[in-house]
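Shown below, as structure tokens, is a lone chain in the form predicted on its own; questions about how it binds or moves come after it.
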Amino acid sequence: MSNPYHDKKVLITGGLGFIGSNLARTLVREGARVTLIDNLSPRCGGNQFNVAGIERKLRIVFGNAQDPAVLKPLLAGQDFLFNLAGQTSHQDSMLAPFEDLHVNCEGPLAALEAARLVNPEVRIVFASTRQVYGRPQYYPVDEKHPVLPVDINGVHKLAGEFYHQLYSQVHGLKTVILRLTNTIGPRMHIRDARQTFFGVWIRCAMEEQPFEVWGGSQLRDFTYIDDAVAALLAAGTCPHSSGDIFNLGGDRVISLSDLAKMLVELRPKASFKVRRYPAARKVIDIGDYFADDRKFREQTGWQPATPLPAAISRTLRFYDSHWKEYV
């Protein structure tokens, strides 16, 4: 089977972050010529150690992915653009809405406009989020579900989606949008909860400190990073999909309390306590969420390959080996 990324030029915005760096590692193994751009914002999880061992096999640009002057020369001649740069904290978006606007709206728009001007043939994959749906009205949530975000981050990510659809419809750019659910695995941000609550759970479990489970009955799905990378790559070569939107899910649906128990089973010295959801966070919580991703599976053949216990176990082993680089 031919490798569609071999010897292709690939640009990843947010390339030193959790998802971008794992994607870069896979692309390097597949023989792609990879360029990363990242400004290493503390709020967005960029970490140079994420590409340790492959630095000489890719090009790293330390710069602002919201700056068209930076993006235009980088985009010229690229075959693929993975538009991953973003601010993911829902709480931060409520406290600093204009910063979130700058990162999550101006960034995607700058990349699209640069592509329109210098490389309209580049294939673009945009990483969006389940947060655009808001509080689900039915389950599992498919792509036809109404979108009604409950926080600033969701509003801005939805705007990013509309930009990608508009540039596909009006300017003919080849764009695909993936709505990610909770993505977990090696190289995720664990210093705080800006990227995912599960990162904080991992940190506490490894420090043998009790972690907090807010509520606990909420149902969620989780995608292991290797499966998310495989989905991004599949989206990049998905035929007849320009401007389309796809959900991404995981291998199972699980309550947060059962997820906490699973983590403790794998790390027996860990513990947790259930507490009432803090009022300031409850107002932007979406409650239960799990995706119907049959549309993406049917169009690409993708399916998750990593069971949730294995995903957690591999994540713990990674931080056992690289703890100091992430805390």
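We number the residues from 1 along the sequence you see. Since the structure is predicted, the reported quantities are computational estimates derived from the model, not experimental observations.
The same protein also exists as the form predicted together with a further copy of the same chain; that form is not shown, yet it is the one meant from here on.
- Contact annotation: of the candidates 169, 255, 182, 209, the single residue with a non-hydrogen atom within 4.5 angstroms of a further copy of the same chain in the predicted bound form is 169.
- Checking 192, 226, 142, 113 for any heavy atom within 4.5 Å of a further copy of the same chain in the predicted bound form turns up a single hit: 113.
- Across the proposed site, 101, 151 and 163 without exception bring a heavy atom within 4.5 Å of a further copy of the same chain in the predicted bound form.
- Between 25-33, 280-288, 258-266, 295-303, the stretch whose residues reach within 4.5 angstroms of a further copy of the same chain in the predicted bound form through a non-hydrogen atom is 280-288.
- When a further copy of the same chain is considered in the predicted bound form, residue 155 lines it closely, a heavy atom lying within 4.5 Å.
- Among heavy atoms of residue 63, none comes within 4.5 Å of a further copy of the same chain in the predicted bound form.
- Although the partner is absent here, residue 109 is a contact residue: one of its heavy atoms lies within 4.5 angstroms of a further copy of the same chain in the predicted bound form.
- Not displayed here, a further copy of the same chain is kept clear of residue 204 by more than 4.5 Å at the level of heavy atoms in the predicted bound form.
- Residues in 260-279 all lack a heavy atom within 4.5 Å of a further copy of the same chain in the predicted bound form.
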